[in-house]
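Before any questions on binding or motion, here is one chain by itself as structure tokens, the form predicted on its own.
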């Protein structure tokens, strides 16, 4: 019986490690394909955006979360449900702006950077930039335009990884004339 219980945990750890190593291989290939880190960062963001656009449907179906009423509620759903569901972590929400339109997600441990060391010649690479694109793409699909960027990264010697999110505007549905 204990052998069976251990397998589920072991399997999740293996899946997590496989994901981390596969992501590392993807970033390595992008570094070979593009001449500079800025181009790699843009590609990671673009890939993340495309993932986020599709992932939101899965998230909404699996989580049974309704429409958020404000940006604070959106932050809670992202940190406590989405990150937990897809990455197995729960970042903390801090550094709210006075206007309530900007906050930080603090990742004590970023599962994407397990087994990773940035080479000196890639000091401007934002290794986990895919996450920014995922968040931006997913939120755009629920009519929220946001700016998402890394401001701290453990790979660059910071004590934590910090993702800064800023609400830009609510996106209105533009239906063709006569349709509702």
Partner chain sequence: MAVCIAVIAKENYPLYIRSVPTENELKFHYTVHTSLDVVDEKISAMGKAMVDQRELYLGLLYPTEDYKVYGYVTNSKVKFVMVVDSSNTALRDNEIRSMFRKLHNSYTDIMCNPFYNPGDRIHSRAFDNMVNSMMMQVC
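Positions refer to the first chain, counted from 1. Fair warning: this is a prediction, and the values are worked out from it, not measured in the lab.
Beyond what is shown, the protein has a form predicted together with the partner chain; the following relates to that form.
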| item | value |
| --- | --- |
| The partner chain in the model of the complex: contacting segment from 117 to 125, 143 to 151, 56 to 64, 42 to 50, heavy atom within 4.5 Å | 117 to 125 |
| Residues 75, 78 and 100 all lining the partner chain in the model of the complex, heavy atom within 4.5 Å | no |
| Non-hydrogen atom contact residue 171 with the partner chain in the model of the complex at 4.5 angstroms | no |
| Distance check, residue 31 to the partner chain in the model of the complex, heavy atom within 4.5 Å | yes |
